[in-house]
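Quick heads-up: it's one chain on its own, the form predicted alone, in structure tokens.
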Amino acid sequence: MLFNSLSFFFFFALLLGLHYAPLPWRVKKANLLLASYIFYAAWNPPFVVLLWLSTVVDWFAAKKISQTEEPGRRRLFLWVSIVLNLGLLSYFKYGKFLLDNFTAIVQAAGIDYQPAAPDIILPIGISFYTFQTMAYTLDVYLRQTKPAGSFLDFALFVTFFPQLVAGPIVRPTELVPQFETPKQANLQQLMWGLGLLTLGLFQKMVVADTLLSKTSDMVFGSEQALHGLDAWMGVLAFSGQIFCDFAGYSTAAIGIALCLGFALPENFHCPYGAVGFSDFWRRWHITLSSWLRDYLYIPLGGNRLGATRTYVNLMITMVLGGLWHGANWTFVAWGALHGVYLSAERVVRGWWGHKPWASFPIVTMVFAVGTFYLIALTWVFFRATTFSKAGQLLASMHGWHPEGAQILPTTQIILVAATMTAMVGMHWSMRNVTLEAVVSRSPAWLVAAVWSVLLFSLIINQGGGNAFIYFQF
């Protein structure tokens, strides 16, 4: 069920009615849990079994971990959770990828091996909810939290529908306690929630799908070398599309949860206003980057074991982060590039970070432009399905195909240029402020006018119903 579908609005309206009805809190939580299963089953009902499996195994594993002090038994139950979750993720998401690579290696060795094509369907959102349930067991193992007080609370934490299929990735300490006592939104929270839902759908339906996706699809779908301007417009279009698509989902999810009285963590904050790559990852997919930091980078040793080990840990973390996004070597390259960027940034900051001129506004601006340029290059690997296509596009972007084809109409070039200029400018101007602060300083009539424009834009763009890009991850 898509947030940007008419069926969802009927579903959500009914759920709001039940949530604000005079019912016991336990009944309301049961309604939310049932609604979450219905929301997920709308894509493929049998995959609800995987949610149940993760829920039951992690619930009992965490319970057993908390009930014993014997290190061996605690590790055993932790590994039960890790093996189950990563096993499910590996089979459904990486089974075909691993088989294809094994076949290629065997054939390269001269063995004629032709396995049957696997018939594996990727369960939607499996990358998100497996990380979320693993965080619960890991936190209990590390004594950072206690097991949930009831199975209902934990099951709702795993399946809470606003963020179930594409995040934010919520920690147990952030959400489980909210289920312990009755929650309802006050009028201000309800208005904020509806406003965030409107903004998120505007980002998705109007900016990502209407203004940018056509250009992105034309450029990345082209089989010929392109003129440099067309190549750049396609990459810039995808840069904006992937942000508005994913940030739009996160913003809508946060708004939907707030309408019910629950708070979800921020997942994006003006990433194209970043100065440096560590700053970018503090702003882009915040809940994933913090998950990888806390459960992978720091356990590997973080930056505590010397410079060389720090760079190795950064590369491992970012390569695995890239692989998390998709079962393709282009995603590995995307993650590896970010690992190289983060490592190089540490070196450069060590050389020049303490210099007085490093904080000059013009220097900050140069680093910001350089950051955006290098981030845009990584999106080529994220969007392209093959290295040959990525290489061809990068070559076109940098003038190596001066006779390349011009496939974009002038109107699309102007549209993308204007949209991305506005987006980057907005990110830069709001990089150190929050949306709440901006709205609180704005007159009520202006807020109402902007909201009306967003709603009108959604109304005239209704009917597309395109799925969110991150559903495939």
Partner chain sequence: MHSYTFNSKTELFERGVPKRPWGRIGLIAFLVVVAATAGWELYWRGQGYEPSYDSTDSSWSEFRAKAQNAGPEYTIITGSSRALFDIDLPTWRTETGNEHLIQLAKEGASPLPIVRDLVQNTNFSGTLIVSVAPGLFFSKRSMHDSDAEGLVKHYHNWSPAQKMEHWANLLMEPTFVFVEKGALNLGNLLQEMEMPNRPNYLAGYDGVPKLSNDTRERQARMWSKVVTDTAYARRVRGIWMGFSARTGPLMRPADYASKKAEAVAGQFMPMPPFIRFTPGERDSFFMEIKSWTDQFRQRGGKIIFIRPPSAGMLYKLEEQSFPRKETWDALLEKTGVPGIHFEDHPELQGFELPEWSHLRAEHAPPFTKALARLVVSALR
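Positions refer to the first chain, counted from 1. These figures come from a predicted structure and were not determined experimentally.
Below, we turn to the form predicted in complex with the partner chain, even though it does not appear here.
Trainee: Let me test this: is every residue among S5, Q188 and E266 within 4.5 Å of the partner chain in the predicted bound form, going by heavy atom positions?
Mentor: Result yes, every residue of the spot touches the partner chain.
Trainee: Looking in the predicted bound form, any heavy atom of T55 within 4.5 Å of the partner chain?
Mentor: Looking in the predicted bound form, residue contacts with the partner chain do not include T55, since no heavy atom lies within 4.5 Å.
Trainee: Consider Q412 of the chain shown here, and say whether it contacts the partner chain in the predicted bound form, taking contact as heavy atoms within 4.5 Å.
Mentor: Looking in the predicted bound form, residue contacts with the partner chain include Q412, since a heavy atom lies within 4.5 Å.
Trainee: If we define contact as a non-hydrogen atom of the residue within 4.5 angstroms of the partner, is Q114 a contact of the partner chain in the predicted bound form?
Mentor: Flag for Q114 set to no.
Trainee: Does at least one non-hydrogen atom of A13 fall within 4.5 angstroms of the partner chain in the predicted bound form?
Mentor: A13: no contact with the partner chain in the predicted bound form.
Trainee: Identify which of Q144, Q107, S278, T210 has a heavy atom within 4.5 Å of the partner chain in the predicted bound form; exactly one of them does.
Mentor: It is T210 that has a heavy atom within 4.5 Å of the partner.
Trainee: Within 4.5 Å, heavy atoms only, which of A418, V27, A444, V49 is in contact with the partner chain in the predicted bound form?
Mentor: Contact residue from the list: A444.
Trainee: Just one stretch in 335-343, 176-184, 270-278, 94-102 has heavy atoms within 4.5 Å of the partner chain in the predicted bound form, so which one is it?
Mentor: Stretch with heavy atoms near the partner: 176-184.
Trainee: Using a 4.5 Å cut-off on heavy atoms, which residues of 434-452 contact the partner chain in the predicted bound form?
Mentor: Heavy-atom contacts to the partner chain in the predicted bound form: T434, E436, V439, S440, S442, P443, A444, V447, A448, W451, S452.
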